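Just one chain is shown here, as structure tokens, and it is the form predicted on its own.
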């Protein structure tokens, strides 16, 4: 029996090393790769929040009840937004995990409305399609907007059906018994609800969609 030589072992390991190198993620970015105007655009969409006044004290991260589940803490999100790490911020789960509890704003020594910044980042992520494809939160926001734009009101049963079809159809079957119980108690309706002057709702939402003040 011939034992493998050191040279043959190195040749066998070479393809494995090359395969591992393909999955290496570069964590450093050059300034030319950053979107340096990203922070100003987000601040403008967040009702003129002064992101540059953030002193990076970390109070927002310390008071956030969901910071432990976020990939980037609120403090890091603010810093990355200001510096232009657009793709990293919009692809993060942090902006979707924000519970809108405003604890960060209440405790912020600079009185920055961080929750409004998170809302602005969510809108940017949805518009540019950066969010994970089957993440329920942005899909729920999209479907809710579509229902209100079309009917002027939101019918919860149809909203849930649309959500499950786009995220996890099997979960809809699992929740069908609960849905039936709610229907029998009058908590869910099958018919679509709508307002009389849907054209006015449509005009208002389209006007705001263009970023124009009412």
Partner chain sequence: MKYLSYPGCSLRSTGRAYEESIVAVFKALEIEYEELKDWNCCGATSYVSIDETDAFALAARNLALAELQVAEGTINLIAPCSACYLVLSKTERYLEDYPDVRTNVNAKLDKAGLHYNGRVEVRHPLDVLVNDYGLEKISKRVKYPLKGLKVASYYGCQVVRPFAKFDHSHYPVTMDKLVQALGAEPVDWPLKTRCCGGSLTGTTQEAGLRLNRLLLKEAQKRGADIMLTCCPLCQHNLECYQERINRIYQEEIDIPVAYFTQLIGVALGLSEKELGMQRLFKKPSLEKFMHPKGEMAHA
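Predicted model only: the values in this text are computed from it and were never measured. Numbering follows the first chain given and starts at 1.
Heads up, the form predicted in complex with the partner chain isn't pictured, but that's what we're talking about next.
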Non-hydrogen atom contact residue 66 with the partner chain in the model of the complex at 4.5 angstroms: yes
Partner contact for residue 91 in the model of the complex: the partner chain, 4.5 angstroms, heavy atom: no
In the model of the complex, residue 128 touching the partner chain (heavy atom, 4.5 Å): no
Partner contact for residue 45 in the model of the complex: the partner chain, 4.5 angstroms, heavy atom: yes
Candidate from 178, 52, 165, 36 lying within 4.5 Å of the partner chain in the model of the complex - any heavy atom: 178
Any residue of 134-158 that, in the model of the complex, places a heavy atom within 4.5 Å of the partner chain: 136, 137, 140, 141, 142, 144, 145, 148, 149, 152, 153, 154, 156
